[in-house]
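Here you get one chain, nothing else, as structure tokens; it is the form predicted on its own.
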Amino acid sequence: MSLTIAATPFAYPFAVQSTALVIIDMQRDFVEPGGFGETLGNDVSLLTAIVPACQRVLAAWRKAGGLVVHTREAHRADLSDCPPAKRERGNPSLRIGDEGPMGRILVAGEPGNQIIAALAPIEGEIVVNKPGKGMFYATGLHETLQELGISHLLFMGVTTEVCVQTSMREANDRGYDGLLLTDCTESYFPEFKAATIAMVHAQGAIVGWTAESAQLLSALP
């Protein structure tokens, strides 16, 4: 059944059976107090504020029988998939692989690398460990989605201007029609979120569409 969301810059048509809800990097180290994000001096309350809206969308999407994809930025324990240029850039107090408040930073299997309990995956949902910012780089996710007949992607998660935007641009290059749920994504820097939303739907949805979650919830049966 074809559905339509009132979106920017124009209506977004989709069908649940060919659409996946993608939840980007809602992992403890980015979102929870005491995690990696906070150790970098960020106000994580900005990110936790979107959790209730994300929960509502996730519950409704599951009820509609749609596919769910969770991603988390995660590296192997030996950091063989983490380029030195990524680990050594800047002057943070903790680097990828260092021991942090929730275990080793951005290392798969560590407590801080887990998706928050409020949005935890359930059986049958796809969980992707991605070594980069984008969800397609070195993950095999594109091939999986193609096998499942997915052509449309609904995006939630953090941060808007980094991993969410990168994933949306990767998706656009691979032929997916993507929509960003604006009240279900956030940044440590609100001005970056606003700029990203404007870039996504500019020039006739050059990257994708944007809409609030209420538009999706009202469209679902």
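The first residue of the shown sequence is 1; numbering continues from there. Everything numeric here is computed off the predicted structure, so don't read it as measured data.
The protein also exists as the form predicted in complex with ligand TIU; that form is not presented, and the subsequent description refers to it.
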Quick one: 12, 183 and 219 and ligand TIU in the predicted complex, is every residue within 4.5 Å by at least one heavy atom?
no
Determine which one of 148 to 156, 174 to 182, 161 to 169, 56 to 64 lies within 4.5 Å of ligand TIU in the predicted complex, judging by heavy atom distances; exactly one does.
161 to 169
Proximity to ligand TIU in the predicted complex, single hit among 195, 46, 40, 51 (heavy atom within 4.5 Å)
40
Is residue 75 close enough to touch ligand TIU in the predicted complex, meaning at least one heavy atom pair within 4.5 Å?
no
With the partner left out of view, is residue 133 within 4.5 angstroms of ligand TIU in the predicted complex by any non-hydrogen atom?
yes
Going by ligand TIU in the predicted complex, which residues of 24 to 38 come within 4.5 Å of it through any heavy atom?
25, 30, 36
